[in-house]
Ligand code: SAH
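Just one chain is shown here, as structure tokens, and it is the form predicted alone.
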């Protein structure tokens, strides 16, 4: 075998990145855009010692689980990996991904997981669900200003103003921004040279409030004719906030530290509703949030309601408990919990998010939530030490519940160690990466906790990503 050879493969499995897996002459090949059950012709693109990568060239026999992708850019774009797969198959893939990681990395047995795993919570409609999108701006081969999404594993922009996962207003905003840039001769940023002005267009949409936020990320401090841009954008129904974010660094990090509002409010509002976890119907009870360009706010609000309602159900609060909410962001989970707890302490590293969390508490009339700025792995040990020495409240030392929703890398070792020292009765772990979840659950399990429930929530339809919520309780001594 050598590069560019054509081979026939039967796809028998999927990798965690969603690539199909098949074997030819004993060697494993990974092929993007395929589904279990497909029989395909593929071209070998890269060969390693024991495996290779191939490109789908022709489907000889389609899997019964294959569907026509909703978006014409699905194969080229790096945003979606599973559009060629039926939604039922996507949910099965995600449930298997969680289970496999817990077995392989967490040390759980199949029998244990059979007892505690519940079915993945799916979406009613797995398109048009994103309330936030960040579109890079650049040039096509003819030198025209374009925006869209990066092709898989590259920073080449595929022009597209109408992403199938986003809201319809995205198209109106992007076409308005492009029209303004052409009329005002405003340049697009070029990564290779670090030259050019407009880097990204960030759009947020309040699903409940219908308020729209637009933030242009620029490689400079001023935008030519910014008043003209505001005049054009504010005609879009629901437009509430238009701002500029300054990022002059040569970096892949999208947002800089400074944001300046050029029209409207600094923030938009949105609401999340509590749901019955038996059938996930809305209860009518809602929590309102203020969201800034830098705020972390889950991108799929309808599924977030289900996720946070599960967190509240797992926490089993009676109104008497003290709760720590680590990596709390703008207080989205904290405020869900506060209505049912005696006291909630939130910890977050982003200053603006902590500011927003405090504003959100006041906005909802919640007086029993307190927020601290800093890294969870530093703040938690500090308060534990102070409480141990009598310099902080006793309820900080031994909370009833700890809720943790860390970034993709999972919890810091010091944070896990302090959680075990605090010995809460219950830990509710929310994870966007079941691999790091599995690693951390192994530590918590070794520290005297039992996993009681595990459930995936599909926050990211058509992609390989899945959110997981897990309940642990302390073993009886």
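Residue numbers count along the first chain shown, from 1. Computed from a predicted model, the values in this text were never measured in an experiment.
The discussion below concerns the form predicted together with this ligand, not included here.
Of the heavy atoms in residue 356, none are within 4.5 Å of this ligand in the predicted complex. For the chain shown alone, residue 308 is a contact residue for this ligand in the predicted complex, at least one non-hydrogen atom being within 4.5 angstroms. Taking non-hydrogen atoms only, residue 270 never approaches this ligand to within 4.5 angstroms in the predicted complex. In the predicted complex, this ligand sits beyond 4.5 Å of every heavy atom of residue 136.
Remark: of stretches 190-198, 381-389, 97-105, 327-335, the one touching this ligand in the predicted complex is 327-335 (heavy atom within 4.5 Å). For the options 260, 265, 375, 234, the residue carrying a heavy atom within 4.5 angstroms of this ligand in the predicted complex is 375. Note on the partner interface in the predicted complex: the residue among 298, 322, 176, 161 having a heavy atom within 4.5 angstroms of this ligand is 298. Applying a 4.5 Å heavy atom cutoff to this ligand in the predicted complex picks out 347, 348, 349, 350 from 336-356, in order along the sequence.
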